[in-house]
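Okay, so here's just one chain, in structure tokens, the form predicted alone.
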């Protein structure tokens, strides 16, 4: 049987057949930010859903309140057409080996919303196992919000197994039902999704951007400018520019800002992102591709995350965070004082 995927790399709602999930049960393992959104959206799409959680999980009560049948991990996975693994990445290997693999049947599909555990060897299904990647590009609450508004988020779709064509049909049906296709789907792979996701988080979204904001705030405050003024310019307005880039692209953003800002930004950019910075990015990509980052992350988790928790506490204690909390409280009070409870302006 051919293992070649169809040449189509872009998917829309009409590319998915929702009847593939009719009368078939989906097991959602985990009920955190992604798990809850997937479960609710699938149910609203007419799919039978069972939630699988460990004994003693603090999420059990919430899932039961939401009206789901809640079972243990292995019990939920038994007999399910799709088993979607949405527990934390670091426990995927243990959960798969001990709870999922022993109960998987030949016609069931193993699924993930992030490629990490497949890409870096935490989970290694046998060649005959159909394995799906349905990765919504956004947090679970945003996925749910978009679904309720009648749309969805973009999603990356990938498959692995003996019959990629059939597995792709199932992945697309799941993506449509959970809200990860209405925003557009792109064909990917576990490896590509994992590497690009980690790189983007570290270099831009959760690493580079945060450090740039912090360093810029410290520079202004260190020269005697007010913490609040620095916070506004270096952090608060990030959303405005990010929204412009998201809506119009970088070139469209340039057209939507002042001439001063466009000139100053283009002059400054190569002085901030230097050739040394680019070499550092290459090194970070090497660490991700080689698995060094994954091994370091898993080792940190096994130790109980002492370094991570220490760094998060240091960040919470930083003066910029204290300024931000105070400023956000002030702005919320202003918004409440400036309008009535129904949102209209006071005269």
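Since we're looking at a predicted model, the values are computed, not measured. Numbering follows the first chain given and starts at 1.
Another form exists, predicted in complex with a small molecule; not displayed. Remarks below refer to it.
Peer 1: Can you say which of 134 to 142, 121 to 129, 75 to 83, 171 to 179 gets within 4.5 Å of the small molecule in the predicted bound form, counting heavy atoms only?
Peer 2: Only one stretch qualifies here: 134 to 142.
Peer 1: Counting any non-hydrogen atom inside 4.5 Å, which residue from 32, 291, 283, 67 sits next to the small molecule in the predicted bound form?
Peer 2: Contact with the small molecule in the predicted bound form is made by 32 alone.
Peer 1: Can you work out which of 94, 166, 243, 233 has a heavy atom no more than 4.5 Å from the small molecule in the predicted bound form?
Peer 2: Only one listed residue qualifies here, and that residue is 94.
Peer 1: Can you work out whether residue 47 and the small molecule are in contact in the predicted bound form, taking contact to mean some heavy atom pair no more than 4.5 Å apart?
Peer 2: Answer no; every heavy atom of residue 47 is more than 4.5 Å from the small molecule in the predicted bound form.
Peer 1: Does the 4.5 Å heavy atom contact test between residue 252 and the small molecule in the predicted bound form come out positive?
Peer 2: Residue 252 lies outside the contact set for the small molecule.
Peer 1: Check whether residue 192 has any heavy atom within 4.5 Å of a heavy atom of the small molecule in the predicted bound form, and answer yes or no.
Peer 2: No, residue 192 is distant from the partner.
Peer 1: Since only the chain is shown here, I'm wondering whether residue 101 would be in contact with the small molecule in the predicted bound form (any heavy atom pair within 4.5 Å).
Peer 2: Looking in the predicted bound form, residue contacts with the small molecule do not include residue 101, since no heavy atom lies within 4.5 Å.
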